[in-house]
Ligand code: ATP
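Next up is one chain by itself, shown in structure tokens, the form predicted alone.
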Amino acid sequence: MSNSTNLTPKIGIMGGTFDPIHYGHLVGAEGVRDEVGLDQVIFVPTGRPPHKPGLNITNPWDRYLMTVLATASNDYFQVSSIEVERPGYSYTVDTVQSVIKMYPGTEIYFITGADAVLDILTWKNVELLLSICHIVAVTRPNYELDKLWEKLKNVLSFPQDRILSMEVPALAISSTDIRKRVHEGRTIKYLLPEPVEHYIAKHKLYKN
């Protein structure tokens, strides 16, 4: 399915821990898809994120299945388990290269939160990453983008047009807050898709 007027197909990769996935992620992906003219968005739950060592992260397959449930109603959305299945840490550059191999001749847009992009200097092979894909930093309202651009100036030979930013009001929702609410027995209704809410309850996630 294509909605792009460009002859070169455009694919978005929505990366994240998705612990759990919520409406902020979905609204952000759909907003970027519409704004950039992406032909599809592939959600890629991280397997073992290298920037969160030692943190208690939910089982990768639970996070993958919640992402599948959350995206099922959008024909433009797909979910990939490539990072969940890959042994060792999950690096963005490896994921982007894998998608390029699966979809040769496409233009790739990696979508992630602005907080994650702020750490770009610590990412594996960041210059290679910027040379093979665009990065879209989705931000919550009133996010100080000046911090992002100031830090990115330090990236050697950083191509200015390779990183885009987009404000997403729904990103005021956070996975951290959802986990806390579940732990405290508070409602999470309307913060995330209902099938994900049911999955969390059925599998007793975030209780401990």
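A residue's number is simply how far along the shown sequence it sits, counting from 1. No experiment lies behind these values; they were computed from the predicted model shown.
One more form of this protein should be noted, the form predicted in complex with this ligand, which is absent from this view; the next part is about it.
Engineer: Using heavy atoms and a 4.5 Å cut-off, decide whether T17, G24 and R179 all contact this ligand in the predicted complex.
Structural biologist: Affirmative, all three are within 4.5 Å.
Engineer: If you check in the predicted complex, is D94 within 4.5 Å of this ligand, heavy atoms only?
Structural biologist: It does not: once this ligand is placed as it appears in the predicted complex, D94 has no heavy atom within 4.5 Å of it.
Engineer: In the predicted complex, does C133 have a heavy atom within 4.5 Å of this ligand?
Structural biologist: Residue-level check for C133: no, no contact with this ligand.
Engineer: Does the 4.5 Å heavy atom contact test between V32 and this ligand in the predicted complex come out positive?
Structural biologist: It does not: once this ligand is placed as it appears in the predicted complex, V32 has no heavy atom within 4.5 Å of it.
Engineer: Any of the heavy atoms of V68 lying within 4.5 Å of this ligand in the predicted complex?
Structural biologist: Outside the cut-off, so no.
Engineer: Any idea which of 86 to 94, 134 to 142, 100 to 108, 73 to 81 reaches within 4.5 Å of this ligand in the predicted complex, heavy atoms considered?
Structural biologist: Heavy atoms within 4.5 Å of this ligand in the predicted complex occur in 134 to 142.
Engineer: Can you name the residues of 167 to 190 that have a heavy atom within 4.5 Å of this ligand in the predicted complex?
Structural biologist: Contacts from 167 to 190: L171, I173, S174, S175, T176, R179.
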